[in-house]
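Shown below, as structure tokens, is a lone chain in the form predicted alone; questions about how it binds or moves come after it.
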């Protein structure tokens, strides 16, 4: 018997396990593969509340950013607050960048328009004199693998595949079970299935090719690249990786992303064609292209809490998993320990799906600034 069983040792599950152990609770953290090897491993890991249009969603993402700043003070190798530089040359990106920067300025967010000269000071990329530039100084990028390694060094992970949940029991593929006072599902793409096995409802966006579900993330080797923070251009997003490489997105290429097979060779070739002129002082090479599966509740809003009133089973699923993980972990840990419900999560509880059966399709991010 354990106080809390957590299914999934990605960034949210590992953070929650650590928060509970620090509160004196016993925790069994279950993971079928490598901790952090699922959704967390294919995230761009942009720490922000940038395009979070509902004000309540914006508010909780701001709490996530604040929580990461506290982590940065203790574990500076896990996150860097070097800001985001957005550089727009084409008309579509200019319009999008203008609209979202003005909106964020109006909300009091650390956003501002800047000169091309400042962008050249902040990034090694060439910036045209007529480019539109905006800088978001309060944003950062996380290194999820490093933080998860810190967390799981303090909380042991039990390697086990979970087949279902029956009340207080987590059923394992080997026939064993883990009994807990509370069960928390932080299982990424398996969340919908496991919540259903426990008698709840938490629909995710369907896993379909050419949808919001899948996207490419490329690893680019570019020695001496000089990129220190997130940079958004018309056709690429890039940031430093965990091992000196660059992580690169090209959202318009995501239409062909499919985890059922290897990425087409032309995806790597096109990313290389686009990034080479942006890094004139080095010779970039695409070392790998991975397909990420975004975990997004069907209504595009975070779900965190009990799956039904009085249930011992909880669940957390969110498209903003990296940004929200440290804040959600503390909030949900407090609630599991008998604390009052967090008011900011009132509209984000999973039990809303018990009475909501239809959801509008979500548009996939295809241009810079959409994500």
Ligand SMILES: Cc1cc2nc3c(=O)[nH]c(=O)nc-3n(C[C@H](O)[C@H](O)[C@H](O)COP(=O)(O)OP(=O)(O)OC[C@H]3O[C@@H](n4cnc5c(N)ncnc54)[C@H](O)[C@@H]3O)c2cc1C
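Numbering follows the first chain given and starts at 1. Note that the structure is a prediction, hence the values are computed from the model and not measured.
The same protein also exists as the form predicted in complex with the named molecule; that form is not shown, yet it is the one meant from here on.
Just one of 329, 65, 45, 304 has a heavy atom within 4.5 angstroms of the named molecule in the model of the complex, so which one? Spelling it out, the residue with a heavy atom inside the cut-off is 45.
Among 188, 237, 284, 229, which has at least one heavy atom within 4.5 Å of the named molecule in the model of the complex? Checking each option against the named molecule in the model of the complex, the one that comes within 4.5 Å is 188.
Select, from the options 342 to 350, 306 to 314, 329 to 337, 23 to 31, the stretch whose residues sit within 4.5 angstroms of the named molecule in the model of the complex by heavy atom distance. Result for this chain: 23 to 31.
Heavy atoms within 4.5 Å of the named molecule in the model of the complex: does residue 320 have any? Within the cut-off, so yes.
Using heavy atoms and a 4.5 Å limit, would one call residue 7 a contact residue for the named molecule in the model of the complex? Residue 7: yes, in contact with the named molecule in the model of the complex.
Exercise: residue 275 in contact with the named molecule in the model of the complex, heavy atom 4.5 Å: Residue 275: no, not in contact with the named molecule in the model of the complex.
Can you tell me if residue 95 lies within 4.5 angstroms of the named molecule in the model of the complex, counting non-hydrogen atoms only? So residue 95 does not count as contacting the named molecule.
Does any residue in 249 to 263 get within 4.5 Å of the named molecule in the model of the complex, counting heavy atoms only, and if so which ones? Heavy-atom contacts within 4.5 Å come from 249 alone.
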